[in-house]
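Heads up, the chain below is alone and in the form predicted alone; it's given as structure tokens.
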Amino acid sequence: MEKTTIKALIIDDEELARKVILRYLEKHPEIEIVGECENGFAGLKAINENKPDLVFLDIQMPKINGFELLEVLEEKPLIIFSTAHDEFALKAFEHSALDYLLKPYSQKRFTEAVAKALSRIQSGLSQTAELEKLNHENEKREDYLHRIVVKEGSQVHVIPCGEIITLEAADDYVEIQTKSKKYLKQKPLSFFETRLHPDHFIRVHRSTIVAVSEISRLEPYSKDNFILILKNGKEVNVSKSGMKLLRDKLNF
């Protein structure tokens, strides 16, 4: 019986790393490479166009990294991850029970990972549960966000945190207001409260986080209530806990 060809895609910003994978794959004629991409944007487009069975995905990449790519992928192929010595990435992988390649890796280690992936593909098993666990673990990172990736239809936007004015809870989403437009991101507001730098963002209400640099003034609304006036003229309600944070951090 004729063997089924496995379509694979390589996404890695380092040309040398892509060449290593190509060389190692010479021992795997059952795998056909349908493309090489040097960043997450190109990788997302290639996945949607080529529908690969298997993706070799680097974690550390410019524009959007491997975790951010995973977040905006609707249909996820089977993935063999690779990463350098990133403390947070390694911790996330250890907790998710997903296999990954730690750079630099040998032909033997590569072959082991490929064998596991091919067995899974042939068995029709997905990585959905493990990928969800990986994303969940990655969200526990202790470093602060510098950008937010949002999928809007077929487009992916990268929002630098320095362009954000407010983040407001909207049911299961958060509405992110930038200086040019609004975006919706399916995350709880509490996620951004812990991952945005506390010197740059402050939660002034249970439904609103504001950029400190966009605050213009504070005005009384009633006897015990205040509203925050932002530089763009927007008025934001301030809760008692939000008022305490404003007083502690900004001496209001």
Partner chain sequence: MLNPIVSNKKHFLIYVLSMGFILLAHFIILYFSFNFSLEIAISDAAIYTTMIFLLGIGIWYIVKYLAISEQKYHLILADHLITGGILVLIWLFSGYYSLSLIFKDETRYLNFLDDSLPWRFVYLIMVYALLVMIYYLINYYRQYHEKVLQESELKQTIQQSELNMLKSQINPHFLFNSLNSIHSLILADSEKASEMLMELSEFLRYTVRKDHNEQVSLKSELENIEKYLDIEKIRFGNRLVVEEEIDEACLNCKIPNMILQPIYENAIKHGVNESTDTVTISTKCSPVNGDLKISIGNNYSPGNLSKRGEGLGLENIKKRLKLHFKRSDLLEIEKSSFYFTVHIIIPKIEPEKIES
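All figures in this text were calculated on a predicted structure; none of them were measured in a lab. Residue numbers count along the first chain shown, from 1.
Beyond the structure shown, there is the form predicted in complex with its partner chain, which is absent from this document and is the topic of what follows.
- Looking at 114 to 122, 71 to 79, 161 to 169, 129 to 137, the stretch with residues near its partner chain in the model of the complex, meaning non-hydrogen atoms within 4.5 angstroms, turns out to be 161 to 169.
- Interface residue remark: residue 105 is counted as part of the site for its partner chain in the model of the complex, having a heavy atom within 4.5 Å.
- Though the partner is left out of this view, residue 211 does not reach within 4.5 Å of its partner chain in the model of the complex, counting heavy atoms only.
- A residue is said to contact a partner when one of its heavy atoms sits within 4.5 Å of a partner heavy atom; residue 62 meets this definition for its partner chain in the model of the complex.
- Shown alone here, residue 147 lies within 4.5 Å of its partner chain in the model of the complex, counting heavy atoms only.
- Residues are counted as partner-facing when one of their heavy atoms sits within 4.5 Å of its partner chain in the model of the complex; in 204 to 229 not one qualifies.
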